[in-house]
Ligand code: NAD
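A single chain comes next, written as C-alpha cells; it is the form predicted on its own.
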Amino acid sequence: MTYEQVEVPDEGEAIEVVDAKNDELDVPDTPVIPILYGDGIGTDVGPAAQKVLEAAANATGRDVSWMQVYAGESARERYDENLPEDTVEAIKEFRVAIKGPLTTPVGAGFRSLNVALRKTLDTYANVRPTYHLEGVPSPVSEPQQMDMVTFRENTEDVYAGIEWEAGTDEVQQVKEFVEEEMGFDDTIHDGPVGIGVKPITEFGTKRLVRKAIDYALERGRDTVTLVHKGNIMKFTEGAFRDWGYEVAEEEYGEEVITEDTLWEERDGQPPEDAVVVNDRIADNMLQQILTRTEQYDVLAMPNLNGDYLSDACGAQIGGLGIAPGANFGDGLCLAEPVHGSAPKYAGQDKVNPTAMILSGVLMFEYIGWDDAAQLVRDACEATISSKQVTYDLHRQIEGGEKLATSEYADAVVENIEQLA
C-alpha cells in the first residue's frame, strides 16, 4: 500500500495474520511496527519507550523497523486533521502498533480520539495487566498480591452511549415515548432531564469474554470473573453476565468450568488446568480487589465497569504512571499506556515512561516475543529497585536518584544489556 501522509521504512516486513480469530500471526525477525508518540508528554515517553523496546528486541536476536504515524496535535500540525486515514490504514496493514496518549480538542468532532481510533480499528478488548514492580511505592501494605488482568469491552456500553440533552425537543420526545408508549410514567422526575441509552449486545459481550477466557487458558490463569451490575440493570449488565456464562458453558468443554458447577459437582475442586468462570457485582468487586486481592486473576466486564476497576487496581500498585494497557481486535494489537497527555509537563524530559514501556511488553507478548517482554519487565523492575527513578517516584523514595525521562530509559537499556 502507498501512503501519502506517513513513510514506510525501507527495511522490515509486515506481520502476517494466519488466523485472525485465534490471533495466530506470522512474525518476521524485523517486523514493521507503527509508533504514534501522541500528545503532551507523548513526545517524551514515546521515544523513551521506543529505545527500550528496541534494545530488548536486539538483545534477543531481533529488531524492530519503526514506522512513525500521527494523530492528535502532531497530525493537526502536519495535515490539519486529527486522525489521518493513513494512520488508521497503517495500523490495519501492519497489525501491531504502539501509541502514547492523545488529547481530543474541544469541538473536534470526536468524543475522544482514543475511542475513535479503537472503534475504527474494532479493537474490542481493552486489556490492562496490573502487577507490582519491586521498589514502587504503594498505598497498600502488600502490593505484590495484586496480579490481575482486566478485559474491558471497548466498543459499546457508554462508548456507544446515545444521549439527549436536557431542554431539547429530542429529549422531550424520548421522555414522552418512555412514559406514554413504554409505560414508565412514574420513573422520571419532573423538570429538566438528560436521558441516555447504553447498548450491550450478545455479539459484543461474547467476543470479549471469549478473548478473556482464551487469555486465561494461554497464560495459565485460574479464574475469569464477570464483573457486572446485573442485580439492578438486569437486561444490559445482567445480560452481559448470562451471555458470558453461555460462552464458558457452550464453547470450551472441560477446559472451562463455572463456579456453580465447581461446587455442585466437584466440591470446589477444579479439574487440572481448567479455568473457573465466576461473576461478581461491580460494587462488591471494588471491595474484593482490596480485601481478597489474591483470589482474582482475569476480570471481564462492560466498558464503564472496566474503567473504574482497572484504575482502582492501578492505584494499588503505585498509580497510572506505571500502568500499561493495550487494545486487541481479531489479529490486531494497539498498545498504549493508561495515563493521559499531561500537557503542562510536555517537553520537559521529566515524566515517567514506564507505563508506555510496559505497554510494549503486552505488544511483544502478543507477537510471541515473550523473552523480550520478560526482559523489559525485569529491567524496569531492576532500575526502580535500585532507586533510579523519575521525579514522580523520587519524591516518594528516600535516597533515590532522580533521572530525566531519557536518562531513565538509558538506565533500563543498561539493565537489559546486563540481564540478557
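Throughout, we count residues from 1 along the sequence that is shown. These numbers were taken from a predicted model, which means no experiment stands behind them.
There is another form of this protein, the form predicted together with the named molecule, and it is not shown here; the text below is about that form.
Considering the named molecule in the predicted complex, the lone stretch of 362-370, 389-397, 55-63, 29-37 in range is 389-397 [heavy atom distance within 4.5 Å].
Interface residue remark: residue 125 is not counted as part of the site for the named molecule in the predicted complex, having no heavy atom within 4.5 Å. Shown alone here, residue 338 lies within 4.5 Å of the named molecule in the predicted complex, counting heavy atoms only. The named molecule in the predicted complex is approached by residue 41, whose closest heavy atom lies within 4.5 angstroms of it. Proximity of residue 161 to the named molecule in the predicted complex falls outside the 4.5 Å heavy atom cutoff. Of the candidates 376, 351, 67, 384, 351 is the one whose heavy atoms come within 4.5 Å of the named molecule in the predicted complex; the others do not. When you look in the predicted complex, the only residue of 252, 308, 243, 345 with a non-hydrogen atom within 4.5 Å of the named molecule is 345.
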